[in-house]
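There is one chain below, alone, in structure tokens, taken in the form predicted alone.
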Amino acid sequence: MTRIIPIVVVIAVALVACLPLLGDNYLLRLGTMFAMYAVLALSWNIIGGFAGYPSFATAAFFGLGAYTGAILQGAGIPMIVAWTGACVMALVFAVLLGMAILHLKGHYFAIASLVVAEVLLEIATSWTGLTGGGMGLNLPVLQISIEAQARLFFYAMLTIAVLALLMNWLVSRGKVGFALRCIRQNEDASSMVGIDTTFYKVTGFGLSAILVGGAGAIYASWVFYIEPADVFSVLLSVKPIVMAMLGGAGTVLGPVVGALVFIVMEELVWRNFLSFHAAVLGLLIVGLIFFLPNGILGLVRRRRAAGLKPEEEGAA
């Protein structure tokens, strides 16, 4: 079974990559949003799933990346270089922030990480000379067709989503993942047996930011206009947590499954309950999390284990 999973993942990525061939702009937009959601959920999974730290800083990293990419492109920097700069900016910011707040635990850390996005939102709103303030910031328009733009940003977001998935896989199998899981189980005991908990927490926090910054920069290029309330929205911190929990936090594929389920629910609810879609979507999410505390992958594993149990008893 373990050998089959990588093959299934490769096939799934190849099928998603074929979306532009269908010639449906609506599906292509959904595919781009799904890839972006997957990046956010997979990135949060590093610090929230593996380490168990309830981070609400995703919106801060996303907005910082969006503004970094937009400002660099406005200064004449090539788009891909601007995206790379956004990743670096998000990483440096996360490392410095992590050194400042990762000594906090539980709801204290959650509140501290949540406040960061609000602080950056106020800075972006006030710093009119650089960010455009509350009026927002326009990005240079690409001199290619709309269809070509849609394909470009879809493949860019899909690429960074694949990198996020690969990052989760490498972390889960490596020393960093082992240390983060130990921290989640018992941080004090981990420190006593020689694990440098501060180093690994800051490392995990940095990894949870780097690709989110890139996704923010790609998003800014995709929509050609950003404003503080959009890219620093608290929903960008809440959605990744919900998606990771839906699929299975602390697993490699769980956040991807959760992102797929979430975007399907979001589209269905938006179409059928336009006037009060937020309330309906919220109830659906709460219900799913209540009945699936370990996520969809946790349910699959439980059922598979239950199916194997009779066979094991018969063999005994």
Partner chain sequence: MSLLTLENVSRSFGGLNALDAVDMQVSPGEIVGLIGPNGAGKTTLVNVVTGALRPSAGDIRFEGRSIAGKKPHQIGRMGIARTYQVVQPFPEMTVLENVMAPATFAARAEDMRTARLKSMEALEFVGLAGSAGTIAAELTLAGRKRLELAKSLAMNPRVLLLDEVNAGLNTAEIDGALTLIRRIADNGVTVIIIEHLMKVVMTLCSRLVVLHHGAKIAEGTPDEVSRDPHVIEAYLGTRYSRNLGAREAAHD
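Everything quoted here is computed from the prediction, not taken from an experiment. Positions refer to the first chain, counted from 1.
If you look for the form predicted together with its partner chain, you will not find it shown, but the lines that follow are about it.
*Asks:* Give a yes or no on whether each residue among E227, S233 and L235 has a heavy atom within 4.5 Å of its partner chain in the model of the complex.
*Replies:* Answer is no for this spot.
*Asks:* Name the residue from A189, I80, V223, L166 that puts a heavy atom within 4.5 Å of its partner chain in the model of the complex.
*Replies:* Residue within 4.5 Å of the partner: A189.
*Asks:* Please pick, from N138, Q185, T128, T159, the one residue with any non-hydrogen atom lying within 4.5 angstroms of its partner chain in the model of the complex.
*Replies:* By the 4.5 Å heavy-atom cutoff, the listed residue in contact is Q185.
*Asks:* Tell me the stretch among 70-78, 192-200, 141-149, 213-221 that has any heavy atom within 4.5 angstroms of its partner chain in the model of the complex.
*Replies:* Result of the contact check: 192-200.
*Asks:* Any chance L91 has a heavy atom within 4.5 Å of its partner chain in the model of the complex?
*Replies:* Heavy-atom contact with its partner chain at 4.5 Å: absent for L91.
*Asks:* Please run the contact check for G134 against its partner chain in the model of the complex: heavy atoms, 4.5 angstroms, yes or no?
*Replies:* Output for G134 is no: heavy atoms all beyond 4.5 Å of its partner chain.
*Asks:* Evaluate A179 for contact with its partner chain in the model of the complex, applying a 4.5 angstroms cut-off between non-hydrogen atoms, and reply yes or no.
*Replies:* Because a heavy atom of A179 falls inside 4.5 Å of its partner chain in the model of the complex, the answer is yes.
*Asks:* R173: heavy atom within 4.5 Å of its partner chain in the model of the complex?
*Replies:* Judged by the heavy-atom cut-off of 4.5 Å, R173 is in contact with its partner chain in the model of the complex.
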